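Presented as structure tokens, the chain that follows is alone, the form predicted alone.
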């Protein structure tokens, strides 16, 4: 088995992976990711018992138990570039032997569930509601640095998206990955909206916001809102889901993205108390994952 060099897999003085500062034994196999480091204790306060607390830069990790279920909560920070770090390091913690620096012969599967905030792109998805992402559609370019291929149904969705929106021109080559059906079934119904989540590489121009700079694609919101393909439509956009779904699939993990809607970009509304919607989503997510 080929040894992974020190420059490629960086392990610090305490035997922890570089950015997360977590050792293999400190990570649970069911993981909730949040963007905001301050949201980690908002999740872990529900733990019956805390086992590990680590922090390095914006990456905060708490591992503990709800009943007999061991969970980790990890903050990713914002954006697909941070997702590239977090997903690769989470996988390395369970699927690479740190002593020999070789890939383990037996693969360990992680359940990774993102709990975050998002903006709705449909008028009928109100602020303070929740969305489960059936697919992550990236206009951020991350997965174009990896060897990946969509399945037939995803290829059809992607081609329809490119044809209808023309968003590959001067922006990126879009990509798409579906979420984990085995995780998604636990969040079906329950008043949760479901649809395609578009992942953007920024918050302002890439999400159609105008402050002092003009946009190369001023019709972005309308194009995303108007997209349809069969029963599929785009429900929301944010900055992490497509990277989680794309890397998760390549690395062999089950991934799901759940969003609390804090803004509706169609009707121009913003939540008066987005933290309440997020806390409700955290509670719902923990009820589900503690039984997986």
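No experiment lies behind these values; they were computed from the predicted model shown. Numbering follows the first chain given and starts at 1.
Absent from the display: the form predicted in complex with uracil. The rest refers to it.
(request) Answer with one of 118, 134, 165, 82: the residue that has a non-hydrogen atom within 4.5 Å of uracil in the model of the complex. (result) Contact check passes for 118.
(message) Going by heavy atom distances of 4.5 angstroms or less, which of 209, 186, 193, 101 would be at the interface with uracil in the model of the complex?
(response) Going through each option in turn, the one that passes is 209.
(request) Consider residue 263 of the chain shown here, and say whether it contacts uracil in the model of the complex, taking contact as heavy atoms within 4.5 Å. (result) Heavy-atom contact with uracil at 4.5 Å: present for residue 263.
(request) Give a yes or no for residue 146: in the model of the complex, does one of its heavy atoms lie within 4.5 Å of a heavy atom belonging to uracil? (result) Residue 146 lies outside the contact set for uracil.
(message) So, residue 227 and uracil: in the model of the complex, are they within 4.5 Å at any heavy atom pair?
(response) Judged by the heavy-atom cut-off of 4.5 Å, residue 227 is well away from uracil in the model of the complex.
(request) Mark residue 237 yes when one of its heavy atoms lies within 4.5 Å of a heavy atom of uracil in the model of the complex, and no otherwise. (result) Heavy-atom contact with uracil at 4.5 Å: present for residue 237.
(request) Have a look at 237 to 245, 41 to 49, 22 to 30, 56 to 64 and name the one stretch with heavy atoms inside 4.5 Å of uracil in the model of the complex. (result) Careful reading of the contacts points to 237 to 245.
(request) Can you tell me which bits of 129 to 145 touch uracil in the model of the complex, meaning any heavy atom within 4.5 Å? (result) Contacting residues: none.
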